[in-house]
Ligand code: R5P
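Take a look at this one chain, the form predicted alone, written out in structure tokens.
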């Protein structure tokens, strides 16, 4: 087994390697003077079972992943598994309008072309993306890690609130794991980045409300959900997400809403400016480490899937 990491989430990669009692492989992943990506593998990987750990939340990190995989293939690695704590371009998974791409499928094709044999991903934005891959694909969830933390929080009258109808499945699964009730926000979109809350289905008054979504990007939907839950009498509101993308106006929006607590996983490194907010970061390293061990030893990964 050889474990390598690009530049997207080296801290998580180190934690995964440590959980497996392995070291990260030696590799140069830098830039040429014109900005193109330069990769050179320093360890011998001929005949090795190689795992590349990389979140693809930027174009550069996606290109790094493809180039690293190509280098491994040309260095005669026996098998290349790409471990994707976060899979970028997952939101473009269908033609919702005329003359638009299905980029989630395009990226899946790129992984195959680069010589990757297997993919291990965490909380895809759309479950059906698993079917976009023509190679072996394992899909895990950070929910066990997040739920274990919430169970230790002594929630009073817990309710899991879905911020929109698209997040109902993950919210329902979270509610069942917590033994909590389920509530749903029915919202209407008024523009590309603006939404209007239309109704709340379920009771949140005097409850500890967990708002569950798979990702937070600009935080518009999440902040609307937080405000809505408070307006309807929630005792405490705890937003929870697997992927803290946190881009655009996310910092300003989350700062303005006076968070009780935001719970995230470390699939994407938290930007430094968010350090002054009450954010709890939980690691998926043990989960991914166990999955990597099972793949390497040709054991079932199914028991890790919820």
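Positions refer to the first chain, counted from 1. Just so we're clear, the structure is a prediction, and the values are computed from it rather than from any experiment.
The same protein also exists as the form predicted in complex with this ligand; that form is not shown, yet it is the one meant from here on.
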| query | finding |
| --- | --- |
| Position in contact with this ligand when the complex is considered in the predicted complex, options 115, 202, 220, 144, heavy atoms within 4.5 Å | 220 |
| One stretch from 77-85, 160-168, 127-135, 95-103 that, in the predicted complex, holds residues within 4.5 Å of this ligand by heavy atom | 160-168 |
| is_contact(residue 214, this ligand) in the predicted complex, heavy atom dist at most 4.5 Å | yes |
| Non-hydrogen atom contact residue 187 with this ligand in the predicted complex at 4.5 angstroms | yes |
| Close approach of residue 151 to this ligand in the predicted complex, 4.5 Å, heavy atom | no |
| Contact label in the predicted complex: residue 176 to this ligand, heavy atom within 4.5 Å | no |
